[in-house]
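Form predicted on its own, single chain, as structure tokens, below.
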């Protein structure tokens, strides 16, 4: 059959344009980063920056501190998250869905906001928990039970908001293990412990190891929590040290040299995670598999639930309670009561603090634009790669996933070096933040939509092509409508990510381009914890509202989920 449309097919030029955009997003900042790392202030080639990096204690100590924090965080996350994942996925734990929802809440909470909440709870002098300890024990005003401004406090807070990564990987893997395998072991005489040791644990081990690497990576590249807790304690991590190198007088060459090892280590960890997850797996030969057989906890059901709730006190209940308390208290460090209850903090943030309106405006503009552009890029790229639509589709897929290996602080350095000179002078505008947010969010959006494309059979598109449609017309009129749930989920996921992004924004903002996350960080520098609490709760409310409203859109109900990629 001849095509009804005989006009020029724009699909190939547009796909090529998308490939050029992806190259510009990734290769340009990384090229400038590499260039600056091997040059001095006069532009001459040198390796002195790397030599100083490994010989100067001021630079070497943050690197060792970062590796120690990341290792301890990874171990703690595995010890806490793996048993919780097993309890939720493979036992008759009461309220298991509630526990999953609470873990999701801790995942959605920005780590820097959690760090500020723990300032309210565990600062040595003014922390609510320390005040309660002194009131109950009669201890002196100089004594304290907790000190969040310490190495231990930083590891604790990072672990609180990193363990959901391990939990999700372990719980999802345990959910997918067919019950037939364990039933077969039982039929052949295997007891519960032997079945767990020979069947369940080996199948879940790759996910646990991958989760440990993800936790290590998150702890290593995090900026917000170390900046809030480590700097007052008198020590640096690698991300805060890179940030400090851009303070006056700026040392761009040294910052670029310090960012490259972080980038290379991130790439190595992601490759290791890929090999671990891809090395072992299982498939079931036969028909429909049986549901996993839940382990009966018996008398331990409620103690196990209490244990899970106690764990969730740290990332959810206590921090959220501290933020609520500070929002309505005249003094953020005092427990709210009839005597000190006030709405002034809310009035101050929204009517007296001039930076709030600008930050909200910038955040919503960037959130909407980033989510729309990123979703469009991800739809086209995922379509091309899953359908193998053009030669070199593997390269396009690589470019779409490559930014996941770039820590936010490293990307911020690269973009700063790229767009503060002709011909693209974008520093001081929202454009540079838009480029940063699109680059950071693209891998997650691409992975979500690539999974969605695999669920739509190619026959529908082929029928459209036979009737004369171009590839882009088939995508727009056939495939995209069938994937509307995945598309709206991706849009929401990206929007929420923009709300909580700090690492790249802190390197690129100016007084006219502040976003909510940067405003919160600035207010923490000035010690205005009540205003931070108002903004933090507003950020959380918007985050949850986006997901709830998306689920209520006709045709999308129940389909929108925040997925960990």
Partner chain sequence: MRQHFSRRDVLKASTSIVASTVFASPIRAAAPPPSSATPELIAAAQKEGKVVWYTSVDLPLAERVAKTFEARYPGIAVRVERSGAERVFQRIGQEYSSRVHAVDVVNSSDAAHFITWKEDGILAPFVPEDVAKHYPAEHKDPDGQFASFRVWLCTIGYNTDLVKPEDAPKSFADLLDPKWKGKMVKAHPGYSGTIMTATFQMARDLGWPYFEKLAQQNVMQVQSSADPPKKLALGERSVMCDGNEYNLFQLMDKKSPVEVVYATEGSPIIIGPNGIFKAAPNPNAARLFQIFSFTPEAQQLIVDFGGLRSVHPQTKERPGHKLLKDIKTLKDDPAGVAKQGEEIKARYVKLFKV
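Numbering follows the first chain given and starts at 1. Bear in mind that the values here come from a model prediction, so they are computed numbers and not experimental data.
Heads up, the form predicted together with the partner chain isn't pictured, but that's what we're talking about next.
Of the candidate stretches 168-176, 468-476, 316-324, 236-244, only 236-244 has residues with heavy atoms within 4.5 Å of the partner chain in the predicted complex. With the partner omitted here, the residue from 333, 218, 363, 74 that has a non-hydrogen atom within 4.5 angstroms of the partner chain in the predicted complex is 333. Note on contacts: among 138, 391, 298, 422, the single residue with a heavy atom within 4.5 Å of the partner chain in the predicted complex is 422. Taking the partner from the other structure, the partner chain in the predicted complex has no heavy atom within 4.5 Å of any heavy atom of residue 65. For the chain shown alone, residue 340 is not a contact residue for the partner chain in the predicted complex, no non-hydrogen atom being within 4.5 angstroms. By the criterion of a heavy atom within 4.5 Å, residue 210 is excluded from the residues contacting the partner chain in the predicted complex. The partner chain is not shown here, and in the predicted complex it never comes within 4.5 Å of any heavy atom of residue 70. Residues of 504-537 lying near the partner chain in the predicted complex, listed in sequence order, are 509, 510, 511, 512, 514, 522, 523, 524, 525, 526, 527, 528, 529, the criterion being any heavy atom within 4.5 Å.
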